[in-house]
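Single chain ahead, by itself, as structure tokens, in the form predicted alone.
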């Protein structure tokens, strides 16, 4: 004999019930089947609502009752042809009349007792099972309805009755051993006491009903049909990459169910556990899918962690004080008090010093537990030996579950390291001696990020997801997005990095998509986005709270640079080609570096010097390996190198500058490059990354621009000044040519001092043959004292700058 249970979503409406009928018809072809059903979707909640309204003497309970009636009558009309409806409708209305009488009683007395509430809330299953059976009969299934109240006997603990298994098993064996129908439809959740009073089995009671019957008739497998394809590695609503676990053990299933896997209610397993009856969780809406098989052994040695689960709305209560140390019976009193207050403890941890006890309870029970404990320990608290109970709210529990976790070293370390890197603060930890479960209490706002982080760590073959929030989609930004789109598949396959652009922003609009933006049409998406703002963008990033978040700044905007502190404070990495932050006052630069270390959020700005050249990265490795920088000489402006490589006696200076701007080698305001401020920032950054304290005001700038050009306030006026001072620039060129030298804008740092300026570079010097927009850096160090370490290559342009930003993101991915 088979036992199949169908939950509320499976019988939510006529269309779903038709799917149930097809499954039952197929399952009962060769052997008898017991079909246990829940109330139609949402009906139990409606019954509770009606009860509460009636008890508060609010006549709107009648409106809820009408909704309940309409739902059942509509389902009958859709399932059963009009010629056979009258009998079914008549019986249902008769039951609803009794329900109405019960609610009227609650209204008149102004309360609902547990006994009365059990009678009321059981109507959902009684009505659904009757209607479904009548539908089966109409569909030529050899079916009969059996009221579970006549089979399952309990004590009189109304609301969550305790099963009398001896009486129940005897009744089930007698009935199911003699019934001749091929299908028996029974309501879940409902039972009766020895006196015949209506009782219910509490939350998840329909699963429990099915398990009780399965154990009584010794079936091989109990099938639980629901709206998902089994027990998942994590909640699929929160973790998109979660997948159904094909096979797990009873113990693993109980652990996952206890910690929030709602497809199965933990007590369900108890009746079948001792008899070795397997449980098969299947999807009513995808019956062909494998689902999850639960047996005594999971045979799951390939993967130590089998699932990740969580419970929300948890509060932590802590009792501590010196008066607890070495005193016998404190723990006993503590838990006895909670038991008497009917507070269920879901999490326990105690310091080995006996100085404190910390527990987790449902948030609804927190104040009741606090009050009970403070009353019990009032004497010790008066003497200051025990402190008042501390309560922390808005928490959740996450748990790793697996039978074979004890055989694998380092799981706890991997768990807490992954959470720590994503700024998920852990309030408490518990791990049983069996090592089947590692639990941690975290802020409930971090649940989604924590689940995704852990799922990535333990189930996704070490594919790391990086979530990018990109500000700035001009020349560099556009090239950067194109490179990501081009390389995405390669990075996922070869480097195990799944890079997603979650947000884009320009100066007017921003667009967000938690699942990742489609980069093939990002321009259209951004144009249709919402109004942007630096704070609005940051708040949205913070609200999403995604793991491995990276803020990417492709602008040259000072206001944007000032927001880095916010991101780093929230453990959001920052990658930028914007030089303003790293060249800002030394205290600010130092603060950003400290925040990066404190919150484990990389702050990378390789493109600040040399665009895509690995200049800063090389410098960091030199310092980290114990070398010391003694001198830096460099041509650090690709734009200025381009200008002076193309400027000669046959060209006009202003035309060459305009060409450099048009080809994307200069900043939007070319004066930033030509004034030397850009190079000053770069040598300043290199000096700081070498370990020196320096501010930009301390750098000597030998300007080559006329004062008139330096004093301009806009780009148009700047170009006019270049035209006006043509003779000045021609003279500069002639002076160098007469010496057979080339003009190079050189930066130098030595003995704690830095300077920048235009120099005449003779033949034979490493800078002489520097072509186009190339940069070159010479690092003189204690190890490279005679022949400097030389880095040379393209140091300007949108493509190479974008590739440098991309490289920084890959560095974070490998972090």
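Numbering follows the first chain given and starts at 1. Quantities reported herein were computed from a predicted structural model and do not represent experimental measurements.
The form predicted together with a small molecule exists for this protein as well; it is not shown, and the discussion that follows is about that form.
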(request) Would you mind picking the one in 206, 641, 453, 554 that has a heavy atom within 4.5 Å of the small molecule in the model of the complex? (result) 206
(message) If the cut-off is 4.5 angstroms on heavy atoms, which of these, 39, 747, 50, 35, is the one near the small molecule in the model of the complex?
(response) 39
(message) Given a 4.5 Å cut-off on heavy atoms, tell me which of 779 to 787, 762 to 770, 39 to 47, 57 to 65 is the interface stretch with the small molecule in the model of the complex.
(response) 39 to 47
(request) Look up in the model of the complex whether residue 125 has a non-hydrogen atom within 4.5 angstroms of the small molecule, and give yes or no. (result) yes
(message) Although the partner isn't part of this model, could you tell me whether residue 189 comes within 4.5 Å of the small molecule in the model of the complex, counting any heavy atom of the residue?
(response) yes
